[in-house]
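Next up: a single chain in structure tokens, the form predicted on its own.
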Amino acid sequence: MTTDKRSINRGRIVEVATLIALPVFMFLCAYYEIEQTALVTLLAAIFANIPFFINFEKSRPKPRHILPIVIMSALATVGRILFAPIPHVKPVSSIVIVTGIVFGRQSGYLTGALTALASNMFMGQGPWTPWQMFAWGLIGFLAGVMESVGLFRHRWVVYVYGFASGLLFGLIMDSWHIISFISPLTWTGAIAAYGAGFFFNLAHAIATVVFLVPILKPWTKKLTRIKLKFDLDHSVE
């Protein structure tokens, strides 16, 4: 096994470990009622995003590998801004999913993370930004993984995943809010907070499917053609 392959494999292990470690860490924060939880969870989310950017940089991407991430992030950012008047009805998750399907798990993660960071320049930055980066990044990452193992051979599976991804995003953001800002943390308070966010998360889930329906087939077809034509396959994927 070459040094580059070893590095790629180590990077993948770190990424997966990070995705597992963050929710475990959040659970421990809640269980032990750690003080200054808001600050601790903010730092945890920031550090959770770092390995994905480092691994992408270590893969020595060429400009043509970076361009799809930039373009898809820009599209998702514009879409989020245009639909800003309608709470939780945004095309971001659907665009991130398509990116993960066509360009792979790493591009999916980076597109989701950069979309959150860039769009919050207009929507407002705050301690929620690293968590939105992680949540949308995770949606793109999982889409890439599911495509790579052949789970997306039927479009209806993508739509089911799109719906689930909206609920997953809400679960992550609600959990961060509950653990960081509800004190004392009780089951009653947590259930009330989850309940308050349920219909917003449901709107996000439905909107993701609504946006996926018209773009999934034509976008994946065109983007795949572009990927093959300009050799946009990235070895790290």
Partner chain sequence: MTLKRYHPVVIFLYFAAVLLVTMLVQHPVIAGISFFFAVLLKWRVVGVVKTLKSLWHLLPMLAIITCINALVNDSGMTVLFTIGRRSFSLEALLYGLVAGLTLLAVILWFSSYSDLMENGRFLAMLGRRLPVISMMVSMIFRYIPDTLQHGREIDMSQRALLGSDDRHRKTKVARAIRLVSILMAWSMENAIETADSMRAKGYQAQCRRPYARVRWTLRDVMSLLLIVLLSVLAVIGVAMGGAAFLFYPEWFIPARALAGGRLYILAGAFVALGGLPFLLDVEQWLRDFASHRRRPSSCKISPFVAAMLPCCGSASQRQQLP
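It should be emphasised that the depicted structure is a prediction, and the values quoted were computed from it without experimental measurement. Positions refer to the first chain, counted from 1.
Beyond the structure shown, there is the form predicted together with its partner chain, which is absent from this document and is the topic of what follows.
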May I ask you to check whether I69 falls inside a 4.5 Å heavy atom distance of its partner chain in the predicted complex?
yes
* **Contact test in the predicted complex: V78 vs its partner chain, heavy atoms, 4.5 Å** => yes
**Study point:** Touches its partner chain in the predicted complex: A118 (any heavy atom, 4.5 Å)
**Key:** yes
Even though the partner isn't displayed, in the predicted complex is F53 close enough to its partner chain, meaning a heavy atom within 4.5 Å?
yes
For this session: Report whether all of G104, I178 and N201 sit within 4.5 Å of its partner chain in the predicted complex, measuring from non-hydrogen atoms.
Result: no
Which of 39-47, 26-34, 201-209, 164-172 lies within 4.5 Å of its partner chain in the predicted complex, heavy atoms considered? The stretch 39-47
Of the residues spanning 114-148, the ones with some heavy atom within 4.5 Å of its partner chain in the predicted complex are L114, L117, A118, M121, F122, Q125, G126, P127, W128
